[in-house]
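Have a look below at one chain only, the form predicted alone, in structure tokens format.
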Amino acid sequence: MSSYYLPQANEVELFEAAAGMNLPVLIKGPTGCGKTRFIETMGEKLDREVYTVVCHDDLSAADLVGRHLIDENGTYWQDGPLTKAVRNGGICYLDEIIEARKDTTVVLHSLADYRRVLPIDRTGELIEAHPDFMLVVSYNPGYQNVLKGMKPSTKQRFISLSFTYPKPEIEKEVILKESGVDEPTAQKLVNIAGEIRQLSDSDIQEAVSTRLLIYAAKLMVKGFDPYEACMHSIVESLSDEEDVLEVLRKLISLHFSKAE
């Protein structure tokens, strides 16, 4: 099944150019705005396998590069997703790169500049990247802090793309395509998202994503009451604070009346 993605600006052309010149790409944007879907779509467009790694605090260099394992025949080496992409060609996509430990991201430096090599200390190999290898990383700038910022020396190795939530007309098309809901309902969901995104940061920590709008639409298509679908897919996913929940409930009720 092919990925569905509607371009926002020139991101497709820029990504294709970067791929053609063997340049690494950094994508910045809020949760659920389409970063991963974009990478999947570009993988299909360029006919390159995508190796996706969701980064976290416990992600080690071995998780990316590989490790020695033991079976009944003895010890053997197993490549990690980064090494597979480097050897065979493909897009290695590191999602939420700033969540990874600093000592883990150091292994990327020699791949993200003119050298395009991956040293594997445990085997003594120095692997030259396949011509079709591409390194792509992403993060949500809204979650950055002093302890979890991307080092300038790392950031400056990448071409950068900034993503945001889709324009209303594009977001409506995405909801229609992904859920099968009717157009008036899709428009209401887009309007709700626009109003939530205008709330200040003190009201809500993270704005509603396109992904959550699609979830709500899918529940409605399955026969769920629209108000309840929004409650379960949007409101309860955005906050645990009762005062914020009340604001969101009232906002939803302006578009979808609560069933008696």
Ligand SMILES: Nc1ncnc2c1ncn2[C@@H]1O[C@H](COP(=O)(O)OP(=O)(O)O)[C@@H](O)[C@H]1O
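Numbering starts at 1 and runs along the sequence shown. Note that this is a predicted model, so its numbers are computed, not measured.
One more form of this protein exists, namely the form predicted in complex with the ligand; it is left out here, but the text below deals with it.
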{"query": "The ligand in the predicted complex: contacted by all of Arg87, Gly89 and Ile91, heavy atom 4.5 Å", "finding": "no"}
{"query": "The ligand contact in the predicted complex: Gly66, any heavy atom under 4.5 Å", "finding": "no"}
{"query": "Residue contact check: Glu178 to the ligand in the predicted complex, 4.5 Å heavy atom", "finding": "yes"}
{"query": "Contact flag, Arg211 vs the ligand in the predicted complex, heavy atom cut 4.5 Å", "finding": "yes"}
{"query": "Non-hydrogen atom contact Gly32 with the ligand in the predicted complex at 4.5 angstroms", "finding": "yes"}
{"query": "In the predicted complex, the one of Ile97, Leu161, Leu135, Val174 near the ligand [non-hydrogen atom within 4.5 angstroms]", "finding": "Val174"}
{"query": "The single option of Arg48, Arg37, Arg197, His232 touching the ligand in the predicted complex, heavy atom within 4.5 Å", "finding": "Arg37"}
{"query": "Candidate stretches 246-254, 5-13, 18-26, 232-240, one within 4.5 Å of the ligand in the predicted complex by heavy atom", "finding": "5-13"}
